[in-house]
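There is one chain below, alone, in structure tokens, taken in the form predicted on its own.
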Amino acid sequence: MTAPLPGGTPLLELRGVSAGYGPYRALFDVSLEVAEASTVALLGPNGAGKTTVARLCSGLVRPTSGRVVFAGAEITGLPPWRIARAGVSHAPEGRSVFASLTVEENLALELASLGRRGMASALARAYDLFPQLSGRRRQLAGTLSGGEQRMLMLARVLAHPPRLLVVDELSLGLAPVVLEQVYATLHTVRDAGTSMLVIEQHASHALALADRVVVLDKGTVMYAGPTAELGDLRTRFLG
């Protein structure tokens, strides 16, 4: 079940994608689209297949059938580093930082390909997006709070803005005040033109950010379209 996007070719397309892990099937003929400079919320209950979609987008999982297309070019089955170079950044669930490196060393590893001048500009952007990290540049990442580690993970991705950001379950383990700060940053990134696929179990923040919504259940698309038209599905699948 899909709904066409208003105007233009989508930036990201999943076309009839199925995927799994060994004998376990996680997705069944899933199609979805993310338009340029738009945000799609991917929602659904635990086990719906949301994280598998994120991993497909970044190349961490290969589909058993179907196609993944980014910016008009097929990326199905490409290694993650090539998909990242094409402009897709994946912020996975969890903290995903190098605990034995400092905050700035974590950022510098991600930005090394930009050269000295480009790295300086990107670091400034990272600290502007997450001012709390600026005073902790020399602190080991493993000694940060859970919320600060999540901020660092996002700062690594957003310091050099991608064309598409795939964000998986940001709300897990975050205090409400930290979650508000993180989503405020995502609003800023969205308004600057980065497209986003935001995956959440807790729907309210994602729906406030998104132009459109896709609801998954048991590996299939139950709804794809404007948030305002969710209707009874919002109660049935999202609570």
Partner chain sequence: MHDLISALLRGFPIGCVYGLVAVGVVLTYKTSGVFNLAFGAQAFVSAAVYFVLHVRDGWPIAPAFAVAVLVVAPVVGFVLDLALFRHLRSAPPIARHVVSIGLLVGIPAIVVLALHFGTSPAYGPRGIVPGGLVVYRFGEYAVSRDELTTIVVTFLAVGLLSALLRLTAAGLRMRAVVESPRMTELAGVNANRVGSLSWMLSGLFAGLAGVLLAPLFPQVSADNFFLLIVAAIAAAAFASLSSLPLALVGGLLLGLIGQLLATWLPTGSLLAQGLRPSFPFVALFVLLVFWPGLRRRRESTDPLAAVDPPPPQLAADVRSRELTLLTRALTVVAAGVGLWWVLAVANAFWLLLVTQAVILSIVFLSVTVITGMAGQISLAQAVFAAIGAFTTAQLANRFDVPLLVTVLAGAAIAAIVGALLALPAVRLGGIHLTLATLAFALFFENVLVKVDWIGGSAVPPRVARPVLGPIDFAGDRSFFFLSVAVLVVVGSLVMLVRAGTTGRFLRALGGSEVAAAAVGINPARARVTAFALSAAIAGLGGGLLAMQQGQANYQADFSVGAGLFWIVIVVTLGARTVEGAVQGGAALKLFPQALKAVGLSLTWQPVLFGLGALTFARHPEGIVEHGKRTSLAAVQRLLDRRTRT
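Since the model is a prediction, treat every value here as computed from it, not as a measurement. Definition used throughout: the rigid core is the maximal C-alpha set that superposes within 1.5 Å between two forms. Residue numbers count along the first chain shown, from 1.
This protein has a second form, the form predicted together with its partner chain, left out of what is shown; the following refers to that one.
May I ask you to state whether residue 162 is within 4.5 Å of its partner chain in the model of the complex, using heavy atom distances?
Answer no; every heavy atom of residue 162 is more than 4.5 Å from its partner chain in the model of the complex.
Residue-level contact is defined here as any heavy atom of the residue lying within 4.5 Å of its partner chain in the model of the complex; does residue 96 satisfy this criterion?
Yes, residue 96 sits close enough to its partner chain in the model of the complex that at least one of its heavy atoms falls within 4.5 Å.
Under a 4.5 Å heavy atom criterion, is residue 143 part of the interface with its partner chain in the model of the complex?
Judged by the heavy-atom cut-off of 4.5 Å, residue 143 is well away from its partner chain in the model of the complex.
Determine whether any heavy atom of residue 120 comes within 4.5 Å of a heavy atom of its partner chain in the model of the complex, and answer yes or no.
So residue 120 does not count as contacting its partner chain.
Of 57-65, 26-34, 196-204, 171-179, which is the one stretch near its partner chain in the model of the complex, taking non-hydrogen atoms within 4.5 angstroms as near?
Single hit among the candidates: 57-65.
Scan 17-34 and write down, in order along the chain, each residue with a heavy atom lying within 4.5 Å of its partner chain in the model of the complex.
Contacting residues: 21, 22, 24.
Taking the rigid core as the superposition reference, indicate whether the CA of residue 102 shifts 2 angstroms or more between this form and the one not shown.
Yes; that C-alpha moves by at least 2 Å between this form and the one not shown.
Classify residue 71 as shifted (yes) or not shifted (no) between this form and the one not shown, where shifted means its C-alpha moves by 2 Å or more with the rigid core superposed.
No; that C-alpha moves by less than 2 Å between this form and the one not shown.
So with the core overlaid, does the Cα of residue 84 end up 2 Å or more away between this form and the one not shown?
After core superposition, the C-alpha of residue 84 moves less than 2 Å between this form and the one not shown.
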